[in-house]
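As a starting point, one isolated chain is supplied in structure tokens, in the form predicted alone.
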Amino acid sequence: MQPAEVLDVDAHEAHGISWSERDELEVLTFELSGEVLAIEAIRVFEILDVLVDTIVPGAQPLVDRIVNFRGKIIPVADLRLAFGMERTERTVDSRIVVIELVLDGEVTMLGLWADRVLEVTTFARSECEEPPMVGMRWKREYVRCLARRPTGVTIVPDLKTIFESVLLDKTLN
């Protein structure tokens, strides 16, 4: 993936999700503590088996670990903590989803823990809506949209907002 592609996606973030001309969004879905999350497939660089990680003393809990990915040290985030879930042990199905994201004007590579990667699929705009003002256990600003699926609701997290919170040294509780 070329960094310019990532910049093009982020240029449209102020207007919400970058829907295709057919009002569709291709996503990678994965599980975290029984919840299904989806991230834009264009952001995904690679899906890895679990690597040996190193805890970074003093780092915020959300991104307190790093891994050596092809000779480059990248932070690995546990989105469970942004969504008020407990950390869990890694299993045989656990993966690290490596993504590229523009943070503070810089293309940043980072990993996201996943309990299990499910599939690449397409969401229609008509099956997605903004999170409600009340009735959610997650911070509303951390959710770009909720997608109605035959198996339940899928969360599309607002990764930029979540990780900008870390940059601004906000507490993720």
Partner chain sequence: MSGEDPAAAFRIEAGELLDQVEQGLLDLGHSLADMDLINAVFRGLHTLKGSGAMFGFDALAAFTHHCETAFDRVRKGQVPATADLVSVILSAQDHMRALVEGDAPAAEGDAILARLQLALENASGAEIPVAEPVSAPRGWRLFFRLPADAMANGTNPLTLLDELRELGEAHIVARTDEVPPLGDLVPTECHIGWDVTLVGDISREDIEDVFIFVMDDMTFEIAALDDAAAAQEDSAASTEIADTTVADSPKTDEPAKAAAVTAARGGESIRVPAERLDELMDRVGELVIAQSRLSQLAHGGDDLVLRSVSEEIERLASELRDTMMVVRMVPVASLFNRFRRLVHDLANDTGKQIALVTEGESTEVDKTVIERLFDPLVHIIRNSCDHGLETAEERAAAGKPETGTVHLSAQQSSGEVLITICDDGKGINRERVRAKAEANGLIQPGQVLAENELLSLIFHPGFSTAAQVTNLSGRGVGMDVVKRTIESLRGSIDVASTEGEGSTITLRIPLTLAIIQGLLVRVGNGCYVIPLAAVEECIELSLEEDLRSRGRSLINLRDRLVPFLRLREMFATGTKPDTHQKIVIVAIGNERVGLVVDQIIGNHQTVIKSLSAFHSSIATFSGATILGDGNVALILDVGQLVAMGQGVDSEEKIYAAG
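Residue numbers count along the first chain shown, from 1. In this text, all values refer to a predicted model and were calculated from it rather than measured experimentally.
Not pictured, yet referred to below: the form predicted in complex with the partner chain.
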Taking the partner chain as it sits in the predicted complex, is residue 85 near enough to touch it, meaning that at least one heavy atom pair lies within 4.5 angstroms? no
Give a yes or no for residue 56: in the predicted complex, does one of its heavy atoms lie within 4.5 Å of a heavy atom belonging to the partner chain? yes
Using 4.5 Å between non-hydrogen atoms, is residue 139 touching the partner chain in the predicted complex? no
Taking the partner chain as it sits in the predicted complex, is residue 133 in contact with it (heavy atom to heavy atom, 4.5 Å or less)? no
Interface residue in the predicted complex among 63, 146, 44, 117, criterion: non-hydrogen atom within 4.5 angstroms of the partner chain: 63
Complete contact of 32, 123 and 154 with the partner chain in the predicted complex (any heavy atom, 4.5 Å): no
Option from 125-133, 22-30, 35-43, 108-116 whose residues, in the predicted complex, bring a heavy atom within 4.5 Å of the partner chain: 108-116
Taking heavy atoms and a 4.5 Å limit, what residues of 153-168 are near the partner chain in the predicted complex? 163, 166, 167
